[in-house]
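Before any questions on how it binds or moves, here is one chain, the form predicted alone, in structure tokens.
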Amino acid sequence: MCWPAMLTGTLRAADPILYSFRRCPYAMRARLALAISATPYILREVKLSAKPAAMVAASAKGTVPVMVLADGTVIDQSLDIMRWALARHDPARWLARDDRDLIAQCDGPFKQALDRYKYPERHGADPRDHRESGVAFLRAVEAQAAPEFGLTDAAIIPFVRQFAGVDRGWFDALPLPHVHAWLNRFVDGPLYAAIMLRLAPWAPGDAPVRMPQPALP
């Protein structure tokens, strides 16, 4: 698969605007769906300690991702952005692989365990306990391995990537061969590279960064 370079230029009225943060797993899942659906959009990187007024005005929740459509409609939940983009165009049939129960486990118990494992000093927690809680979710992912990547994979893999990064040696020793292969294929692949561009935080007056339509598989 060939992914063209990002483009800069004049903002077109029809281009949605996405407020994002490169490493945020919620923003990552939104960018994955926008990329695979070949949805053109304007990417605005956000510094979370200095959120732009335009983003806060669009969505009072004050967290990424926030997508503003050409007609002013705001979509500020990551899964809603994913499903909006894929409803427009789904060449890889991601919507056919949408396990809402597994995504809910990711966004609920697994995310809670991840936060306490990664940031024990914030929660007064023993990270080992929460690490084991996270492994229970990974076993569910292992058991539900699918031959093709879909919406479920894109929704949960940014969080699994974070979990793996806390102690990669320990993670790699887990008896979860599908999870390891699945994560490695993703991180080493062109889709991941395409959504992980390094950009300076956006400020009013900056030239728009237009994410182009990727070449489809």
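Keep in mind that what you see is a predicted model, and the values were worked out from it rather than measured. The first residue of the shown sequence is 1; numbering continues from there.
Although not depicted, the form predicted together with a small molecule is the subject of the following passage.
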Contact flag, D98 vs the small molecule in the model of the complex, heavy atom cut 4.5 Å: no
Partner proximity in the model of the complex: C24 to the small molecule, non-hydrogen atom cutoff 4.5 Å: yes
4.5 angstroms heavy atom contact with the small molecule in the model of the complex for P175: no
Touches the small molecule in the model of the complex: S59 (any heavy atom, 4.5 Å): no
Among the candidates L48, A181, A70, A53, the residue which, in the model of the complex, approaches the small molecule to within 4.5 Å (heavy atoms): L48
Contact residue in the model of the complex, from Q112, S133, Q77, Q105 (heavy atom within 4.5 Å of the small molecule): Q77
Segment assignment from 149-157, 165-173, 37-45, 24-32: heavy atom within 4.5 Å of the small molecule in the model of the complex: 24-32
